[in-house]
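Quick setup: one chain, the form predicted on its own, written in structure tokens, and binding and motion questions come after.
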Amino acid sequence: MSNVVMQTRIRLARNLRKYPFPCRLSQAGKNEVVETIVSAIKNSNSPLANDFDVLYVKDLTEAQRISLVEAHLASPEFISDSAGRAIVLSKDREMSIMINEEDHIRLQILKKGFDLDGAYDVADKLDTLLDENLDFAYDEKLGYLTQCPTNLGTGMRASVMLHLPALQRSKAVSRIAGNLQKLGLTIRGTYGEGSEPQGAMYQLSNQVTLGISEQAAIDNLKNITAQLINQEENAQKRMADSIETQDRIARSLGILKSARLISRDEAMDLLSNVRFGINTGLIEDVEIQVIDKLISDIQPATMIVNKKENLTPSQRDQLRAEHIREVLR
């Protein structure tokens, strides 16, 4: 299986027929929506009823909020306002439900690797479960009603997180992005719209939700992703033959194993190079799962949450370097 796809996500946008969209809701109305959705999950005949945590944004520290974004469990927009917002998280963090972001419900399923069908199957079952206990806003012609017209119809966004170091280095990503738009897809930075790619990590997702079925959107994304995987792997093989690439990868691993201070941005670039090296067989004594976990663990807010104390940027750089050395030892 290819390691180009790091993560798969299915996101469904839903709204309750009884209430205005969150942007028109009063504080009391938002609180009522939160309690209605949480109660629907708790009272369901599903294992999920005893397998989730409810986090109220107003009760979270700034680091805890940002850490949710770093883990791709919440959006930057969601944590920007704490009033009447909550997030439901499964114990394994595979499922998250943002309540009162742009829509009443943003249900999200995350899967490791390239597993669009698996992620959609779980999302569809949870959607059905919620639909049995909640009255969703739905129109026979328009489909699911959402605050933003671009989500009308299925309300679904399917996406994959791609690691594209070779295509990025060859400056092919911008050309590819233009072609993808013609196919109803968009490629964005690591944290979605408006973000920059970190460590050559990009989000590829569907744009069209109206007039197309969920399965058709998923099939389109699967086909295009397979083409990008092929392009990236071929570019990696070509680059891996050069002594410059081999030197860059070897130096990256050496720095990670010995650095005493390292910033998040530098670490992301070096880990990206090492991941490239593992994919192409230039590095054989490090597992790719170890690198992927490091990418998650070294994010600034996540480090603060895990350490359970405030850290200055310098302290984070020192702790980050120490943690990477320990893991790669």
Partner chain sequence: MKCQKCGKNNADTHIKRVVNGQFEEHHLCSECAAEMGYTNVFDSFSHSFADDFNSLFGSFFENALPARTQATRCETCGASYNDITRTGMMGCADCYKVFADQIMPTIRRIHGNTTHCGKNSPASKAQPAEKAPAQNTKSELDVLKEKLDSAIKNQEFEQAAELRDKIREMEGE
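Residue numbers count along the first chain shown, from 1. Keep in mind it's a predicted model, so treat the numbers as computed, not measured.
This protein has a second form, the form predicted together with the partner chain, left out of what is shown; the following refers to that one.
- Contact check for Ala137, Arg188 and Leu210: all three have a heavy atom within 4.5 Å of the partner chain in the model of the complex.
- Only one of Ser252, Gln236, Thr245, Thr154 comes within 4.5 Å of the partner chain in the model of the complex through a heavy atom, and that residue is Thr154.
- Exactly one listed residue, out of Gln231, Ser82, Ser170, Ser90, brings a non-hydrogen atom to within 4.5 Å of the partner chain in the model of the complex: Gln231.
- Comment: 128-136 is the region of 252-260, 236-244, 128-136, 110-118 lying near the partner chain in the model of the complex, near meaning a non-hydrogen atom within 4.5 Å.
- The shortest heavy atom separation between Thr146 and the partner chain in the model of the complex is within 4.5 Å.
- In the model of the complex, the partner chain stays beyond 4.5 Å of every heavy atom belonging to Glu284.
- Under a 4.5 angstroms non-hydrogen atom cutoff, the partner chain in the model of the complex lacks Lys42 among its neighbouring residues.
- Proximity of Arg24 to the partner chain in the model of the complex falls within the 4.5 Å heavy atom cutoff.
- Applying a 4.5 Å heavy atom cutoff to the partner chain in the model of the complex picks out Arg264, Asp265 from 263-283, in order along the sequence.
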